[in-house]
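Below you'll find only one chain, the form predicted on its own, shown as structure tokens.
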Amino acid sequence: MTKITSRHYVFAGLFAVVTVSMMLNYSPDTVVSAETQKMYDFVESLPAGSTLIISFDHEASSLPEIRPLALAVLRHAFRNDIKLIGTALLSEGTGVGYRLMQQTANEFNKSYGVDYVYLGFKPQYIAAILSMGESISRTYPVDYLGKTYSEHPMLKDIDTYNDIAGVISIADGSLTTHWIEYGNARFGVRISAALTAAMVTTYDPYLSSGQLEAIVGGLRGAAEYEKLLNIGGGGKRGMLAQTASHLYVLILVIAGNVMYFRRRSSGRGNT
């Protein structure tokens, strides 16, 4: 039988704190950052009927952070009647991206082939980005569902980056860099990114130089985006759980230090 130690009580306490905070449904105030506002403004500036490529460039392990970000961006685009082309530079993001696009499209009564298409994964991501600049139809002769490119009405006049409004890379690593270096530098396509929090600072120089149009990052970024859209979602819930967890850990650190100094003082008094 496993012996119950202090760490078990710590984790049990964390579980209790997160559970209670989620049940209370307290909504912490969220101040929208300039970066998230810029992403919102970019999508908001696009005329209805514009086309965006949404590229799911992430692994499955980052889904808890990526999913709220992706849904916020997708909901904004579909709400504004922007047509979406889904791709993936990593194989792990392929199925995830299709499910998220399908889920969001159903929320807004969007039709496959008319309002959105999912082209899926293409190996050799640098070659794929360059090839799409020459011809998207030749790069993806069939889509993720096995339908030919020419079957979709929304793709009738779309064949290069010149025919779209931009690319939004949803990423947990360095793949957005390739969109910047090959998509933007070579073909001039506007690149934006929805990133995990750990990757945001990596892309700040690209944002400052104008090579990257906009960034939204992490659970906080998702919560900020949801606030701008006036909707609830995983970002808001995630920030609530994260805030409660941080406060709990802070209290443990303070309590641990108090106990330590009290025991040390008591030991000195006895000597």
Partner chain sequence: MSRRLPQIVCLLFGLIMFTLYFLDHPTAKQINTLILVDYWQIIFAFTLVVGVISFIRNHVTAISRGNDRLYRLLSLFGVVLMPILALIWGIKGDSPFMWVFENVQVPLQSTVFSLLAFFVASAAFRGFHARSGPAAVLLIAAFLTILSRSSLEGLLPDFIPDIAVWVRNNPSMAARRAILIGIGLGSLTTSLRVILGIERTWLGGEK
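Since we're looking at a predicted model, the values are computed, not measured. Numbering follows the first chain given and starts at 1.
A second form of this protein, the form predicted together with the partner chain, is not displayed here; the remarks below concern that form.
Chemist: Ok, 189, 200, 158, 71: which has a heavy atom sitting within 4.5 Å of the partner chain in the model of the complex?
Modeler: Checked against the cut-off, the match is 200.
Chemist: Considering the partner chain in the model of the complex, which of 107, 151, 81, 134 comes within 4.5 Å of it through any heavy atom?
Modeler: None of the others qualify; the residue that does is 134.
Chemist: Within a 4.5 Å heavy atom cut-off, is residue 230 in contact with the partner chain in the model of the complex?
Modeler: Residue-level check for residue 230: no, no contact with the partner chain.
Chemist: Hey, in the model of the complex, does residue 75 get a heavy atom within 4.5 angstroms of the partner chain?
Modeler: Residue-level check for residue 75: no, no contact with the partner chain.
Chemist: Though only this chain appears here, would residue 164 touch the partner chain in the model of the complex if you measure heavy atom gaps against 4.5 Å?
Modeler: No, residue 164 is distant from the partner.
Chemist: Would residue 213 show up as a contact with the partner chain in the model of the complex if we use heavy atoms at 4.5 Å?
Modeler: The answer is no: residue 213 has no heavy atom within 4.5 Å of the partner chain.
Chemist: Taking the partner chain in the model of the complex, which residues of 97 to 127 have any heavy atom within 4.5 Å of it?
Modeler: Those in contact are 98, 99, 122, 123, 124, 126, 127.
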